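Next comes just one chain, in structure tokens: the form predicted alone.
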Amino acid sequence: MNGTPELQQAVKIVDPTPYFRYLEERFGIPPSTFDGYVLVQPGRKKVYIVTADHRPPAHPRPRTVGLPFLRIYLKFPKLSTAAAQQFGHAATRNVIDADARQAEAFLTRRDFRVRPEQLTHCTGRGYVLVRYQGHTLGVGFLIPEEAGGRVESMLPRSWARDPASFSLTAP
């Protein structure tokens, strides 16, 4: 699906094949997860995802449309936090199922240690999706080590919780 004529006039629609292939290889997210969506690229650094039937207004002309999807200027494309939360349920690999303490660290933008058994579905150094109780919290960066590994929280600063007042483990 190529999007509506209004969408085609508003933004550049891109071939999703390389991006969906990357997400399938890295996270096991099947391309069919994105059926009904198109990818648009309003600039050089990011690709956005929008429903194929979206009809942006002609006036005022939108600066962009859709949900930030991938940052493509990095060595490896990085799934946005919003996209990870929206589509992360479909991931089958490079997912860390965090416990409460790890999720708390992630949500306050602190690194956390992972146990070897949490790495059974990870392929190595790189981006991982962090889940807590079945909900994808966002994207982290896994650094494997001999006794497990370490995950750096990639949560946007503006989305992070204040560690002084946030707790998932407090009674």
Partner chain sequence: MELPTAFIRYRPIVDDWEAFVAALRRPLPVCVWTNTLRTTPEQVKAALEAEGLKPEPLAWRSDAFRLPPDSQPGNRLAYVLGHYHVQEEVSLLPVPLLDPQPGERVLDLCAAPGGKTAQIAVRMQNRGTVVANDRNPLRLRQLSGTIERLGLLNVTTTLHDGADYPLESGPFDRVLVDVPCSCEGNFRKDQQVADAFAGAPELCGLQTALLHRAVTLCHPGGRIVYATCTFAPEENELVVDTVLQRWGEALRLLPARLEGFRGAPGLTEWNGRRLHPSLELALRVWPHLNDTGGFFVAVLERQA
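Remember, predicted model here, so these are calculated numbers, not experimental data. Residue numbers count along the first chain shown, from 1.
Missing here is the form predicted together with its partner chain; even so, the following discussion is about that form.
Think of it this way: in the model of the complex, its partner chain has a heavy atom of just one of V95, A90, A82, I72 within 4.5 Å, and the residue is A82. Exactly one listed residue, out of P57, P30, G124, G43, brings a non-hydrogen atom to within 4.5 Å of its partner chain in the model of the complex: P57. Of the heavy atoms in T136, some are within 4.5 Å of its partner chain in the model of the complex. Residue contact check for P68: one or more of its heavy atoms lie within 4.5 Å of its partner chain in the model of the complex. Taking the partner from elsewhere, T51 is found to have a heavy atom lying within 4.5 Å of its partner chain in the model of the complex. P116 falls outside the set of residues with a heavy atom inside 4.5 Å of its partner chain in the model of the complex. Only one of 22-30, 142-150, 58-66, 116-124 places residue heavy atoms within 4.5 angstroms of its partner chain in the model of the complex, namely 58-66. Residues are counted as partner-facing when one of their heavy atoms sits within 4.5 Å of its partner chain in the model of the complex; in 149-166 these are W159, R161, S165, F166, in sequence order.
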